[in-house]
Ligand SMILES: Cc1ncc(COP(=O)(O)O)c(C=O)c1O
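Below, in structure tokens: the form predicted on its own, a single chain.
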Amino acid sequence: MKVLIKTEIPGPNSKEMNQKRIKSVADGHGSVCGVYIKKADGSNLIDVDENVFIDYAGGIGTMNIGHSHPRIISAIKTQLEKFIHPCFTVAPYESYITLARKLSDLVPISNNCKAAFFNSGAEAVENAVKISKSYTGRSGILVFSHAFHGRTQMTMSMTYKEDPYKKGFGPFLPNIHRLEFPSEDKILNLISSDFDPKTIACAVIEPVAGEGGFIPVSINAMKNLREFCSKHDIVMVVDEIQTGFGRTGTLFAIEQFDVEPDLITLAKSIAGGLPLSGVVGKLEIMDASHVGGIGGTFGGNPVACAAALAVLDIIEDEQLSTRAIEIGKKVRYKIKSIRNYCPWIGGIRGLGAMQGIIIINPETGEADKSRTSRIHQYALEHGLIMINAGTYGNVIRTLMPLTIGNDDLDQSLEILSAAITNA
């Protein structure tokens, strides 16, 4: 579907909808774009003014298999006709068990694995921490700079960025220890750390820092972390909430690091847009919590589980992990082709289709959030919906559906390069 902009952005109907929102929705829940959506299909969003956009936000990374995929719709309809929610805690059902087994077999952990399901990424991380505490009998949590792990009090404490995620919401949990994120140009410094490893229950790390600016961990640092965790009996938790389900070129990003974690947290693209998250990991760790210690009313909802099973089939059948590599190469090639005459491009980094374009002040080399905002606005007005990332808000991130066709991809890259060039 071609981009089609019929009105000013936002259009009159979106503006009218926004007035209704102001009267009814809490101001604290912001939105990146001022356009209101009435339909989504594949890699396209259509707003209430009939403007057609290409989607580079993907519901903040939840739509790897695209909007309204017919196989997802079919799976949802089939489950709806059976039952919607008896609650697995009350009366269990097969799809939860099937999904748990399938993911346990797919994660890159050689030990026998088990899984448990929740609703959001934050819940997955929080439960991974709870499970780790039960297993180790310890309370300390090791995290990294630039990390984003969620918005609950625990996961917000684990998150690095103050504004907007933590501002005014303290005090935060005192048992969290933070190290510098070990990117390619930084080593994992564990020698001068100000904590006793024997007090740490788990170390939680994203293979690619998502909200932090699409920063990949160095392979050596990931291996060093694995060795450190093994030496001190610390549970190694890999947060694959944004990197999982083909986004980086493998089903799970950790597959590219030649490292086996103990637990993996999953969410976002797991269920084609429905709320679902999970923790998958080594059987002996997953079974450490007492019966009733983990769970929740809506966790592992049967409609979401049915969608998740369809997602896994779609990723395999349509070879979306391979497609992610192709997309990433095209994005990198396009950005490199304009970099010589756009000195505010500080670089591009990431894995697979998860690419972050760094915008800087060319005179100082510092992050340029205002120019990044202008790039986003230009792109929006020309039919490309994007979101930024980075601790300093200066990274353009690509979270387009992996099902995006070449025509839409080529058109979107033209809009993106024009936005960067004209900002």
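Don't overthink the numbering: it's just position in the shown sequence, from 1. This structure is a prediction, so every number in the text was calculated from the model and none was measured.
What follows is about the form predicted in complex with this ligand, which we do not show.
Colleague: Let me know the one among 121, 273, 300, 216 whose heavy atoms come within 4.5 Å of this ligand in the model of the complex, would you?
Modeller: Partner contact (heavy atom, 4.5 Å) among the options: 121.
Colleague: Exactly one of 148, 257, 252, 144 has a non-hydrogen atom within 4.5 Å of this ligand in the model of the complex; which residue is it?
Modeller: The option sitting close enough to the partner is 148.
Colleague: Give a yes or no for residue 241: in the model of the complex, does one of its heavy atoms lie within 4.5 Å of a heavy atom belonging to this ligand?
Modeller: Looking in the model of the complex, residue contacts with this ligand include residue 241, since a heavy atom lies within 4.5 Å.
Colleague: Hey, in the model of the complex, does residue 206 get a heavy atom within 4.5 angstroms of this ligand?
Modeller: Yes.
Colleague: Determine whether any heavy atom of residue 262 comes within 4.5 Å of a heavy atom of this ligand in the model of the complex, and answer yes or no.
Modeller: Residue-level check for residue 262: no, no contact with this ligand.
Colleague: Given the stretches 176 to 184, 233 to 241, 287 to 295, 313 to 321, which is the single one in contact with this ligand in the model of the complex, using a heavy atom cutoff of 4.5 Å?
Modeller: Every other range fails; the passing one is 233 to 241.
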